[in-house]
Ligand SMILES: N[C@@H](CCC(=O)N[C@@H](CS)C(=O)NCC(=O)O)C(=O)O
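In structure tokens, the next block holds one chain alone, the form predicted on its own.
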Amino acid sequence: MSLELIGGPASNYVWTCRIMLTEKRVPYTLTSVMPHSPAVDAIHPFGKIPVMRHGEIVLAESRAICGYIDRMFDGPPMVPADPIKCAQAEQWISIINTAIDPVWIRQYVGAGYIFPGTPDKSPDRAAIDAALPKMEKQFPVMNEAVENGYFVAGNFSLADAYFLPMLFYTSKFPEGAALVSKHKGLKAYLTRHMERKSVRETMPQTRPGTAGAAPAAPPPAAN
């Protein structure tokens, strides 16, 4: 009974699930489709990616998928068993998904550069400039959070698997790159973990809006 992960690999949330699967050493197939594709709509009520099939089990939402993988399969736990460390990991997972992704990925990377609303598809300076003051407040917080190398000190956790794709994509654009360079903890964290086997082997090679070729960036309709 093989596990099928469904969604475009450029999505930061699909990437998170792939890191999770690789860390847990779970064999899987990736079906590369865009949000609102029939295979996605059959599982997610709002057509978002990723979704998952494993035998008769179907799941939507990346956190549910990752929780299922962590509990269903052997391999190193990605959410600590210790109740305090578990709560700390979940705290950062929530912060990353509710505060960081909406600004860094949806607003700055997505609306600013990848899917700009400008007539000539040039970068949307209004979206970028609106995101930057929020990012400038968030970067020191995240820099301090990873000063020990991980969100939960001593172990690579699901919080890291969520944050790394967001930090990587943000670092690929001028203002994001400058902020990463300014915050030495984040710069060291990114450099260190981009060499991690699970991250390196799952790095997307597709661009948003397609199922193939060119440097990656995340589609907006992901979870």
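Treat the numbers as computed from the prediction; the structure is a model and nothing was measured. Don't overthink the numbering: it's just position in the shown sequence, from 1.
Same protein, other form: the form predicted together with the named molecule, not shown, and the subject of what follows.
Trainee: Which residue among 172, 197, 36, 192 has a heavy atom within 4.5 angstroms of the named molecule in the predicted complex?
Mentor: Looking at the other structure, the residue within range turns out to be 36.
Trainee: For residue 61, is any heavy atom within 4.5 Å of the named molecule in the predicted complex, or not?
Mentor: Yes - in the predicted complex, heavy atoms of residue 61 and the named molecule come within 4.5 Å of each other.
Trainee: Within a 4.5 Å heavy atom cut-off, is residue 158 in contact with the named molecule in the predicted complex?
Mentor: So residue 158 does not count as contacting the named molecule.
Trainee: Is residue 106 close enough to touch the named molecule in the predicted complex, meaning at least one heavy atom pair within 4.5 Å?
Mentor: Looking in the predicted complex, residue contacts with the named molecule include residue 106, since a heavy atom lies within 4.5 Å.
Trainee: Report yes if any heavy atom of residue 202 sits within 4.5 Å of a heavy atom of the named molecule in the predicted complex; otherwise report no.
Mentor: No, residue 202 stays farther than 4.5 Å from the named molecule in the predicted complex.
Trainee: For a quick check, can you give me the residues of 6-41 that have a heavy atom within 4.5 Å of the named molecule in the predicted complex?
Mentor: Result: 11, 12, 13, 35, 36.
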